[in-house]
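This document starts with two versions of one protein chain, written out as structure tokens and named structure 1 and structure 2.
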Structure 1
């Protein structure tokens, strides 16, 4: 039955993607655009060019890292919506510390420490929501979401004030030298952040499937009362899960600063959190399924940017498609589980 349920979830995810693309085509028609041309530009530029494939693989790295933390949280029945703030805090700390550490430490050691700095930055930004949830039961959706706004404004103030590079006009941290950034995978222009992202998602998959901690968070996610009656320390698991989830978001911020941008800019927010939430849901919280879906969502981001210039479609059209995927998937899961519940009840009768 579990295997059948997985197949049904996979089918539901595929249908949600197709339904979202179909609805997007209708929306394009209503504004006078040719959906065939728009989708041709999207897929051809995102999947059929060397630039599109390379940029898609680069974009996969932070999405895999963010998704690793989200899977951990969602499996435990916790909704970490504060990815954006956690990402930015990790990113700005790395942007501030990297120029100094790279000068005084060996390259590999500096990168490892900076990765830890980013992870700890995101982790610390999740402390308040984690404690509020574990100690007083405050809704983590609200608290983590509110921390996004605080994080965005705090990092903007820091990069325009105490952490600003005074030698340039734009508000930003000092530029990290090219030789101090993440090295490339041999024979490619893709940095090793992609390898790190795959390792993160595989590690989370193993933790959830094979460890006692993974069993505890799965029980907590399925039934909180059962977790309490099983003598699982619910408060401890809640705090750990939210902190680790925030840490992965901070690590994604470190990845983008060290591997892509080379600095932290004011009001920079790539929005990986809101892209990864529907991705993880479509993957049914399965780490292995996240890998191909992360490529698909990365392709949508990169292809959307390239398509926008070629077809005259706003970049946010891709975000509309992502939102529609989530809505269709949620609706499909609701009716599937409702039908399963009715069927189960009829058997009992």
Structure 2
């Protein structure tokens, strides 16, 4: 049964991607663009060039980290949709602390501490929703959503005000020197964030499957009432899950500041959260399935950017594909569930 359902899951994801690409082709034709050329540029530049592959793998790192946190939360039935805010807070704290720490501490130690700072930043931003949920059962969808907007405005204010690098014109934190950033994986131009991301995903996979904490959060996610009645400390699990989930988002922020951008900039929001939520659902909350999906997803972003420069198609085209992919997948989920004989009307898929 589980085998069949996994097999079907892979097929339906594949079909959803194909259907999205086909619909995209129709759209391109309608506006007078040549879909063959656009997809050729997209795939050849994104998947068959050194630059495309490297950039895609770099992009995967934060998505894997964010997804780790999301899987943990969703498995526990907690809808943390405050990833964006948690990401930004983690990022700005790292952007603020990095220049000093890297100067005074040995490189490795500094990076480790900064990773921790990012994690704690994201974690901090999940404290309020977590406590409100555990203490009063306040709907976390709303509180985390609100915290996103608070976080966005707060970080903008901070980077334009107190944390601003006064020596340059655009509002940003001081630039981290190149030698202070994340080191590369040997023989590549991919920084070690990717390795960290994969470790995160694997760790989450093991935690959920093999540990008592994972067991408790699965029980909580499947049946909250049963969790309460089986002496699981529901408040404790709720708080821990939301905090760790936020922490991973913050870690992704640290990764992007230390590995990609080298600073924190005003009006910068890569929007990993809203994209990763359907992604994680597409993977059926399974950590291993997230790895190939996040690869495809990063490829779309990176390939889209390269393609848009080469073929003169607006970058937003890949976002259309992304949205379509999720909608087609959602439709396919219905048939997959019917085939696999999974019933039940839980809010989870």
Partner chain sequence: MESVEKPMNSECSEYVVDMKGITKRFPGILANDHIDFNLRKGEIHTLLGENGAGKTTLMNVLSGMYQPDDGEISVKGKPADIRSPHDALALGIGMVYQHFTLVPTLSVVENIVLGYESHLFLDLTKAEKGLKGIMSETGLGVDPHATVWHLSVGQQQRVEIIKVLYRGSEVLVLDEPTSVLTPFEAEELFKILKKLILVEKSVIFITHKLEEAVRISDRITVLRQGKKVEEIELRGLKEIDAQRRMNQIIRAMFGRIQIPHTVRESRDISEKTVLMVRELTARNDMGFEALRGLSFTLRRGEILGIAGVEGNGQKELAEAITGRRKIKKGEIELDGTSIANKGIACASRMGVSYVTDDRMGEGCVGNLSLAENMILKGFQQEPFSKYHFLNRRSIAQHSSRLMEEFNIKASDPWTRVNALSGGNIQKLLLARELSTHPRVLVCCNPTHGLDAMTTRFIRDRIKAETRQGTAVILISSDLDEILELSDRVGVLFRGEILSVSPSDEVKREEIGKLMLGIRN
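This is a predicted model, so every value here is computed, not measured. Numbering follows the first chain given and starts at 1. Heads up, when I say rigid core I mean the largest set of C-alphas that superpose within 1.5 Å between the two forms.
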| property | result |
| --- | --- |
| Number of the structure representing the form predicted on its own | 1 |
| Residue 134 C-alpha shift between the two structures of 2 Å or more, rigid core reference | yes |
